[in-house]
Ligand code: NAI
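Take a look at this one chain, the form predicted alone, written out in C-alpha cells.
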Amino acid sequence: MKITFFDTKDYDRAAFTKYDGRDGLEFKFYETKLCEDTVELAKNSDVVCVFVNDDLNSAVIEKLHAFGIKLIALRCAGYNNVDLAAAYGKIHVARVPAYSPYAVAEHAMALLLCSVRRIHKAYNRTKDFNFSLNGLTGFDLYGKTVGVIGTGKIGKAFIDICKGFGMNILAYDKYPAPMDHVRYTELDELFRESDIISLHCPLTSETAHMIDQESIARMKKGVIIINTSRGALINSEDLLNGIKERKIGAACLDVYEEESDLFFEDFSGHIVNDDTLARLITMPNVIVTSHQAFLTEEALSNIAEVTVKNILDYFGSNVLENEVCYHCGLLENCKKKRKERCF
C-alpha cells in the first residue's frame, strides 16, 4: 500500500515514520502542497494523505481517480478543501475527527489570556529591559460572558476551560448538546451579549463569513473575537474595519481566510503581498499564530494513529468509521448510519 503525503513538515514525518514499513504500508513524503500543478506526484500511489491547505478540487479529484487512487486520507478534522461531490463514487475520503480537542481549546484560551493581559507586549518590553506597566492594564475573565459558536468536542473542551475561570457561557450550535451552566441561544443574542466570542464550528456554506460587517454591528463595543477553526468564518476586511472603528477590542487568530499560500512557511525575509494580513498583524490588539493550535505532541501522535487506522480499515474491508461524503447528515437512509461505507 503506497501512501503519498503532501504538505509535510518535519513534525509530520516524525509522527508517521514509525508506521512506515509496517502492515504493508510504504510512505513517500513531499513538502509541496497537493494541487493541479503537483497532482502528478501522486502517480503509482494507492492513497494520498493531505492536510488543510491542500487543494482537492474537482480537477485534482479526476486526476487522482485516473491514477487509481483509492483513498484520500485527511490528517485533519476539516474537509472543506475537498470537493466531496466530485469524489463521491470514485474515491473514498476519511478524516481525523478528534485528534486532540484539548490542544485547540487550550490554544484558544492561551491566545485570549495573552491578549487580555497584554503578555505579548510585556514580553517584547522586557527584552529591552523596559519594565514599565503603562498600557498593560487588562481585565478579569471572571464574570465575563463568552459566546461559543460550535459545541463539538473542541467547543466543549473550551467551555470546560471557561467554566474554570468562572465565566458566563452562551452557546450556539445547529445541533445543541445540553451542558450544565451553558445556555444555548440564537446567534443574534450571542453576538449582542458576549464580551468574548470564540469560533469552533466547521466551514460550510452556512457558516462562511458568519463574522462580517452585519454581525459585527450587532456585537458589544470592545468585543474580543477568537478563531481557531477556519479562516473563512470571518470576513477579514470587515474584521479589520471593525478594529479600526474601535468596535472590536481585540482579535486572536490562529487561522486566516487566505492562509494557504502563507501559513506553515517562513517569509521573514520577503515582502508579503497580502495587504489585509499585513495590516491585521500591525494592529496592537491583534494576535496571529499560523495554524498552530493543533501542534502538540499528543495531537500529532493521535493524528498519525487515526490516519493509519483509516488506511488499514479501508484496505482491510472494515467499516470506514471516519469516512465523509457530501451526503453525510443529509439522507435519512445514510449508509454510514447503517455502519456501511458511503458507496
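All residue numbers are counted from 1 along the displayed sequence. What you see is a predicted model; the values in this text were computed from it and never measured.
The same protein also exists as the form predicted together with the ligand; that form is not shown, yet it is the one meant from here on.
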### Query
Any idea which of 113-121, 170-178, 266-274, 127-135 reaches within 4.5 Å of the ligand in the predicted bound form, heavy atoms considered?
170-178
### Task
Report yes if all three of Pro97, Cys201 and Val255 come within 4.5 Å of the ligand in the predicted bound form by some heavy atom, otherwise no.
yes
### Message
So the ligand isn't shown here. In the predicted bound form, which residue out of Ile154, Ile234, Ile72, Ala250 has a non-hydrogen atom within 4.5 Å of it?
### Response
Ile154
### Task
Tell me, yes or no, whether Ser194 is in contact with the ligand in the predicted bound form, where a contact means a heavy atom of each within 4.5 Å.
no
### Task
Please run the contact check for Ile225 against the ligand in the predicted bound form: heavy atoms, 4.5 angstroms, yes or no?
no
### Query
Are any of the heavy atoms in Leu190 no more than 4.5 Å from a heavy atom of the ligand in the predicted bound form?
no
### Query
Within a 4.5 Å heavy atom cut-off, is Ser215 in contact with the ligand in the predicted bound form?
no
### Stretch 207-231 - residues with a heavy atom within 4.5 Å of the ligand in the predicted bound form
Thr207, Thr228, Ser229, Arg230
